[in-house]
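Here we start with a single chain on its own, the form predicted on its own, put down as C-alpha cells.
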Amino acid sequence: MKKETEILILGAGASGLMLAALLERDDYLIVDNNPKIGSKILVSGGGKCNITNGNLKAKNYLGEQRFVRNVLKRFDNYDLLAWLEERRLKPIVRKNHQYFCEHSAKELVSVLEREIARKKVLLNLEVKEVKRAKRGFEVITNRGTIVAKKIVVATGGLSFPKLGATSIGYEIAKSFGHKVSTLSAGLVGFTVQPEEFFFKALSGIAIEVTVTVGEKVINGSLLFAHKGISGPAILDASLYWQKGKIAIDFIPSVNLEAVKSSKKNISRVLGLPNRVAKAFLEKLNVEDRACKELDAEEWKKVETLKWYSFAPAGTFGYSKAEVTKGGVVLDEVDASNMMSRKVENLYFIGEVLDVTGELGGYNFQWAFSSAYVCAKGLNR
C-alpha cells in the first residue's frame, strides 16, 4: 500500500475524530491501530463517557496555565455542548456538573462518525515511523507507506494498553527534536505499603474523605480495593502525587471533641462503616468501648484519623489509569494552531501533550478544544 494525502491524522480517538469532523476539507486520512474508531471513548465513564464539565477552568489541569487557558477559551464546554446539540446529542448532567451521554458512549461516537462518514479512515494500521520527505512527511506503517504534507499526532497516551495504547506519539515527537516530560500513570489508584495492607481486607467499601497532597486538597469518595485504594478522590490525588506521603481525613464530617463524652462506643460515632471503623481501631490499638471511657492517649490515636499520613507504594499502573501524565512540552507548540514550533506542518493535539485534566470530563474537553484550535489552523 502506498497512499498520498494532504493531512494525515494519527489516531481515531476523541481528538483525532473531532479534528476530522471540524475540517472544512476532504483531503485527509485518519489512521488507527484499533479495529474500530473511538475505542477509549466507548469504555470511558462506565460506558457512558463523561464528555465535559460545567465548571471548566485552566486550574482543573496540570500543564502550563496560560497555554491551557488560551486553548480552552477558543472552544469551551458551552461551545462543545452547543456543537453536540446541533447534532442531536444532548448530554445529561450528573454529580458535580459532569456531562454524560444519556444512554451510551456510542451516542458520541456515532455523532463523530456521521461527521466523517464520507472521509477515509484506515484501521488496524500500525505506525512504525514518521520521517521527513520531499513533499512533507513519509509515514512507515505495517501495511506500507503514506506520504502526507501535514501530520497531526493525536495518538493519545499510554493508558489502556489493551485498547491499543502505544508510545508512538511521544516517539514521533522525540524523533523531530521535541522534549517529552516524564510520563506516568494518572487518574489511577494507589498501591500501599505493608503498614496499610489492612486496607485490602476492606475491598469494595467506599467512604467520603478529604485527601491532601502537598498543597492540593481534594474532597470526594475513596474506594478500598484489592490492590490498595481507589475512587474519585484518590484518582484526582494521583495527578498531584509523585512520591512521598499523602494525608487522608477519613472522618471529615466528625467533630471528635463533640463525641468525647458520648456513652456510645467509639466505632459507632466515627461515621464509618462498622468494618472500616473496627479495622482502624485495631490498627491504632484502641479498644472499641464507650467514648467517655477512652483516655487521653487513646484519643490522641483516634485523632490521627483526621490526618492519616502515609506514603503510597505506587500506583495501579497504566492498565488501570484513565490518562497519562506528562507529554510533549508546551513551550515547543503554538497554542494558536497546535503546530510544532520546531517543525513546520507537524501538529500535536489531545493527551499526547503535557496537559492532564482532573476527573470529571476535563480530559475529553481538552481533546475537543485542542482539536478545534488545530482545525481552525488547518482550515486557514
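Start at 1 with the first residue shown and count on from there. Note that the coordinates shown come from a computational prediction; the quantities given were computed from them, not determined experimentally.
What follows is about the form predicted together with a small molecule, which we do not show.
**Message:** Looking at 158 to 166, 271 to 279, 244 to 252, 225 to 233, which stretch has residues with any non-hydrogen atom within 4.5 Å of the small molecule in the predicted complex?
**Reply:** Answer to the contact question: 158 to 166.
**Request:** Tell me, out of Asn33, Ser340, Thr315, Asn60, which residue has a non-hydrogen atom within 4.5 angstroms of the small molecule in the predicted complex.
**Result:** Answer to the contact question: Asn33.
**Request:** State the residue from Asp288, Glu303, Glu126, Glu208 whose non-hydrogen atoms include one within 4.5 Å of the small molecule in the predicted complex.
**Result:** Exactly one listed residue reaches within 4.5 Å, namely Glu126.
**Asked** With the partner left out of view, is Lys325 within 4.5 angstroms of the small molecule in the predicted complex by any non-hydrogen atom?
**Response** So Lys325 does not count as contacting the small molecule.
**Request:** Classify Ala154 as contacting or not contacting the small molecule in the predicted complex by the rule of any non-hydrogen atom within 4.5 angstroms, answering yes or no.
**Result:** Taking the distances in the predicted complex, the answer for Ala154 is yes, it comes within 4.5 Å of the small molecule.
**Message:** Although the partner isn't part of this model, could you tell me whether Ala321 comes within 4.5 Å of the small molecule in the predicted complex, counting any heavy atom of the residue?
**Reply:** Heavy-atom contact with the small molecule at 4.5 Å: present for Ala321.
**Request:** Although the small molecule is absent from this view, report whether Val329 comes within 4.5 Å of it in the predicted complex, heavy atoms only.
**Result:** Answer no; every heavy atom of Val329 is more than 4.5 Å from the small molecule in the predicted complex.
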